[in-house]
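Shown below, as structure tokens, is a lone chain in the form predicted on its own; questions about how it binds or moves come after it.
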């Protein structure tokens, strides 16, 4: 049987404390039983770096928290052509994994820029995706790597492209009975490079003010045969800059980069908040797009020479 204990706080106001019941299922089937039993009054817990804050500040309410930490087979990284990352893999494990080589090293670089070492030791890859926070770092990178997600339920598994998973801020295509189990990244094509560029207000645990991920594949003549660009923290969801991608097709980077930057900037839908104005974020998109494309292109050229 799963462990149960009380004590996860949920603060509705400064003077109103309630208690959630914590459930610790041993496997996916048991987790699904709790999801069915408690329906809308429960939340799945992975690393807890987002959910526990949301419960404390009453951004979300739940009487039942279903922790997945005992399901250890969701904490894996396998590279057998396609890269498979278990949803409970921590960001620190991603950062330090020797299996992330070649084009996949961009995931290590993105992980290294996230939060503080203490947070990276707790935060999970699946949580960074499933929380659907617009400023999350991993979704843009996984998006330009053409990743897909495996969602499990007692009825079976289904695959969904990561770019189709997000429907709005903190809203996704995950169904009530489903659990995100695996992130699958296909083996990149030859002459491929990817890069991630982000801006935050200070080093340490700051979240991104704006970010851009880019990937490029080159043909035998050095022209761009495929491109993916994704923007983070400047739209309600991680957003593909499709027109910017298309503008680079068949061109060398030097001939197409300025138009791509302009189109990526137009694709941004930034807001003004305490961290930055919308105009500042829009300007950052142009700068970060140039950096990400330039680095991705250099890596694709280096891959050509391997």
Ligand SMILES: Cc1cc2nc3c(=O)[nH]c(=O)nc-3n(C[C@H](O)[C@H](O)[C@H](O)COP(=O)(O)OP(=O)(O)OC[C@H]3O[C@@H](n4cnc5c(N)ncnc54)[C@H](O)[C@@H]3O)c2cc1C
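Bear in mind that the values here come from a model prediction, so they are computed numbers and not experimental data. Residue numbers count along the first chain shown, from 1.
Another form, the form predicted together with this ligand, is not on view; read the next lines as being about it.
For the options 103, 83, 114, 71, the residue carrying a heavy atom within 4.5 angstroms of this ligand in the predicted complex is 114. Checked against this ligand in the predicted complex, the candidates 224, 180, 145, 197 yield a single residue with a heavy atom inside 4.5 Å, and that residue is 180.
Though the partner is left out of this view, residue 48 does reach within 4.5 Å of this ligand in the predicted complex, counting heavy atoms only. Taking the partner from elsewhere, residue 281 is found to have every heavy atom lying beyond 4.5 Å of this ligand in the predicted complex. When this ligand is considered in the predicted complex, residue 108 lies well away from it, no heavy atom lying within 4.5 Å.
A residue is said to contact a partner when one of its heavy atoms sits within 4.5 Å of a partner heavy atom; residue 77 fails this definition for this ligand in the predicted complex, lying far away. Heavy atoms within 4.5 Å of this ligand in the predicted complex map, among the stretches 155-163, 121-129, 231-239, 93-101, onto 121-129 alone.
Not one of 254, 262 and 300 places a heavy atom within 4.5 Å of this ligand in the predicted complex.
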